[in-house]
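One chain is shown next in structure tokens, namely the form predicted on its own.
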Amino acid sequence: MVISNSLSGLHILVTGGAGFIGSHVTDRLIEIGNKVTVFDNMSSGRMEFIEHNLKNPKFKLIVGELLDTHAIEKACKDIDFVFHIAANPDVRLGAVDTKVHFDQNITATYNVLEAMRKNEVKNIAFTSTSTVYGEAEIIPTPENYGPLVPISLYGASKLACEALITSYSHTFDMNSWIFRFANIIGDRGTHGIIVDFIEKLRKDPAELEILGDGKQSKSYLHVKECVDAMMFSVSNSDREVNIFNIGSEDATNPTRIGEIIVEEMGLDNVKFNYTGGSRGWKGDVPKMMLSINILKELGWKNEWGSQKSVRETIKALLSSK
């Protein structure tokens, strides 16, 4: 995918830039000619994801907390564009810790927006999620689907963040790009079904526990294609508020993901044990596929389907240290 040169020559702040998606975004932004400052508390970010940039004069790392208003206000000084990726991404955690997504997603996003307002930073890209749609009755789900009724605290927090961003955009003449992701997977992944399954099979190669009935149908997209879509969207849309679904046009299920992992690990006679029920956990959406028609009309289309993305991710994670 050819990216427009309009997103180039800027000083960009990437919150969560040492994490899974954030580090890939950081690499791409530097590659297309930007200076990048990463702001990360390193709770889920890893130095190994960004160490290749540490000696690059166009890269700077700030280890800090988004709940520290002074730190983020200082980080936003002389910034042209913010890619706000930092968040607690564990959907399941909300069922046992009801405040974590409020603090790390909603309050953190408010602090970023306030820091932008005080420093007159006018552009923000935000990584949201398909979980804002809740259990959508229309699949593939378009961006104008409503009402939005999330069923997880994570989804609720991301929807609240979207509302803050759109209202700040209107009130303070900002421009925003909001990306509602399907399941994004790939090298540097640190959590999610593929990581969980690999860890379980390394501990016990004879059995694999699968949450739910193994039939949950969801869309998966490789992180490199996700980053392509983000850069393409910013470079080819210029409304005050720009909202895009980012995903693939097919789906797969946990049982098939387990089968692919077993194949790639070279295991035989693995017994799959299901915990039962249509959901993997409280707040899990059993069926999810996003419509990407708006992105396609702009000229972007992904090349890999869900199963290809899953297999390439498994290969990368198995070969990584």
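Since we're looking at a predicted model, the values are computed, not measured. In case it trips you up, residue 1 is the first one in the sequence shown, and so on.
The discussion below concerns the form predicted together with ligand NAD, not included here.
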query = Just one of N183, Q216, S233, S169 has a heavy atom within 4.5 angstroms of ligand NAD in the predicted complex, so which one?
reply = N183
Interface residue in the predicted complex among T275, T255, S44, T69, criterion: non-hydrogen atom within 4.5 angstroms of ligand NAD = S44
T141, E162 and F244 each touching ligand NAD in the predicted complex (heavy atom, 4.5 Å) = no
task = Spot the stretch among 51-59, 292-300, 265-273, 35-43 with residues whose non-hydrogen atoms come within 4.5 Å of ligand NAD in the predicted complex.
result = 35-43
ask   = Is I21 close enough to ligand NAD in the predicted complex to count, meaning some heavy atom within 4.5 Å?
value = yes
Ligand NAD contact in the predicted complex: A86, any heavy atom under 4.5 Å = yes
query = According to a 4.5 angstroms non-hydrogen atom cut-off, is G64 in contact with ligand NAD in the predicted complex?
reply = yes
query = Is there a heavy atom of K200 no more than 4.5 Å from a heavy atom of ligand NAD in the predicted complex?
reply = no
inquiry  = Going through 102-129, which residues have a heavy atom within 4.5 Å of ligand NAD in the predicted complex? Please give them in sequence order.
reply    = Q104, T127, S128, T129
